[in-house]
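Before any questions on how it binds or moves, here is one chain, the form predicted on its own, in structure tokens.
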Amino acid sequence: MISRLTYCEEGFSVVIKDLNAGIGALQNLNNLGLNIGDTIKLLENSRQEGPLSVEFNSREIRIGRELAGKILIETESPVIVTLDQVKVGDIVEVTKMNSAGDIRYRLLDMGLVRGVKLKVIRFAPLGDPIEVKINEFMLSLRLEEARSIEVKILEFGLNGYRSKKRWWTKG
């Protein structure tokens, strides 16, 4: 399975398969001493912010979160993350709902059930709410609600300035 480096769990060794970005990001990766095809071990991933630490050739390398999100890796099993961690443009499948009470029933009524596919369209300027496309309609979710939805990545969207959808643009 292919995944993003930012979605990977700590302690796993993975192979860099591709870079979902342009020439500048590839040069940044090369400047760190890494190339496509290298095997790295993820040492630290705080999941939300700050750089990641990886081990390559017995040395520790810090990779910024933006660049790490563009690095595609090969994993043995599908990576499960929460919806708030998914990048714009990614297509995901809902695997589990962890919310409870009235919020759970409201989300289920809107179609957020196991197996449904979502596409992350955009984040608000301050990151909350998130807009997703589900069953041909747009749905805005608060970060708190998005954290309670576990998803499996099916397809990666493009990274970079041209692919980012701003809250005030039509998409």
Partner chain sequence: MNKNIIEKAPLISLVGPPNSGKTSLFNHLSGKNLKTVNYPGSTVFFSSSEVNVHGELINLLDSPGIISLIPDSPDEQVAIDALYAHPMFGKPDLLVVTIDANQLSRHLFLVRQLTIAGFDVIAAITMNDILERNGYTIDTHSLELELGCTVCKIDGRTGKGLDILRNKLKDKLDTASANNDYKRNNGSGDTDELISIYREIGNIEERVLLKLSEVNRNVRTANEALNILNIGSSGSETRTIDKLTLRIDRIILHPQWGLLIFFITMAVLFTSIFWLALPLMDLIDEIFSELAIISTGIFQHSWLGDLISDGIINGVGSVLVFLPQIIILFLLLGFLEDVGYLARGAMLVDKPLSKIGLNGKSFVPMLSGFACAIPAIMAARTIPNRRERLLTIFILPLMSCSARLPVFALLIAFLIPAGNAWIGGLILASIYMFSILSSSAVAGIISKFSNQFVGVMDSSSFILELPTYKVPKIKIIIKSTLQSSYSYISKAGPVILTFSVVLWFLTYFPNTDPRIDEDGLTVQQIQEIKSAERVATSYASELGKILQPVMEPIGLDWRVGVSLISAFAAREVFVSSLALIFKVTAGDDDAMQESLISAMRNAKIENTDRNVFTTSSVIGLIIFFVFALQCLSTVAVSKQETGSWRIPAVQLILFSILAYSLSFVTVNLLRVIGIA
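Because the structure is a prediction, the values reported are computed rather than measured. Positions refer to the first chain, counted from 1.
Another form exists, predicted together with the partner chain; not displayed. Remarks below refer to it.
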Full three-residue contact with the partner chain in the predicted bound form, heavy atom 4.5 Å, for 17, 41 and 65: no
Proximity of residue 135 to the partner chain in the predicted bound form, heavy atoms at 4.5 Å: yes
Residue 125 within 4.5 Å of the partner chain in the predicted bound form, heavy atoms: yes
Non-hydrogen atom contact residue 129 with the partner chain in the predicted bound form at 4.5 angstroms: yes
Non-hydrogen atom contact residue 140 with the partner chain in the predicted bound form at 4.5 angstroms: yes
Candidate stretches 115-123, 51-59, 65-73, 29-37, one within 4.5 Å of the partner chain in the predicted bound form by heavy atom: 115-123
